[in-house]
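A single chain comes next, written as structure tokens; it is the form predicted alone.
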């Protein structure tokens, strides 16, 4: 098999190519319980006020503020209202009603005095109030949080847990979202052992697939394990086609380097429209991307990541993860958070025409800035040294960053 032409690109060009061919998934309607971590495909308009009625912000006594103009008063307690109940009578001048947090305000009352500013008298039949009150005090008005007809969330909002709580509060039971993508993950190679059995000469333990499944899940997608596929063209083609029919994208690991022949390259070049790239970064120079037409005639993005584990991780972070987020409707922050950090140790590199992504450990210091130190050995095969790194330091071509200088880092974990 002849060596394939490879496209030499910058990381920005590679990402642009990938994003241009990873379209947003079609909108679906889902129950609120299934919508968490999805992205809103449409704006949400409130169909109800929140809260739906005026209610007390504290435990205390509902009163008429004018009755406390003198700064204190002793009033008869003519009723009690608990949360979930309603007052059975209107509050008259010179009276008080015991009220709990969240309980609806009785008609006639225009203020609430918190219980800490009162004294219970005569077994609760009367109350001594020791402070003045002003109209509206400690009252949550109807619609104080959300007014009916208001746009609560715009399209593109991620449905985080608190967002789901707000949607529940306005009775939004069915939500239009961009769904979580189903992502097929597989590793390839006869040398990989995934079942815990003893290693034969030349074999190694599978690690990339395990790592990539977790990275896909962390990105909010649904990771689907398609296992380790042996170096057999028929088996690999069958697995890829099955993945394309079942999932929204495919992530493979291994078989995208410059070797003259590899099963992954042979099969994907035959059944998919692939672009084989050399990205001007280190690690993760080899990268492949294309689309495989499934049986429903839908083009399924295929991300061919390198086999070295650190290269596979960096390639996923910089190229695959942004595309998966875009497919799931994310409109901003497709990359990890970028921070201008302080290098507490020198970050060395050599001049080679590439951007280097060094694994570093970071922390916020007393000066309020993010500080990083070198994260140990930087070989593309040394996953153990990378596993606990909290950020990727972006080092432009040159000699690196000296101690005390600024450096841009992409934070993997705070």
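Remember, predicted model here, so these are calculated numbers, not experimental data. Residue numbers count along the first chain shown, from 1.
Omitted from view is the form predicted in complex with adenosine monophosphate, to which the following refers.
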Residue-level contact is defined here as any heavy atom of the residue lying within 4.5 Å of adenosine monophosphate in the predicted complex; does residue 192 satisfy this criterion? yes
Quick check on residue 301: any heavy atom within 4.5 Å of adenosine monophosphate in the predicted complex? no
Residue 239 versus adenosine monophosphate, in the predicted complex: is there a non-hydrogen atom within 4.5 Å? no
4.5 angstroms heavy atom contact with adenosine monophosphate in the predicted complex for residue 315: no
Out of 88-96, 290-298, 155-163, 201-209, where are the residues with a heavy atom within 4.5 Å of adenosine monophosphate in the predicted complex? 201-209
Could you check which residue among 257, 137, 326, 178 gets a heavy atom within 4.5 Å of adenosine monophosphate in the predicted complex? 257
In sequence order, the residues of 287-314 that place a heavy atom within 4.5 Å of adenosine monophosphate in the predicted complex are 306, 307, 308, 309
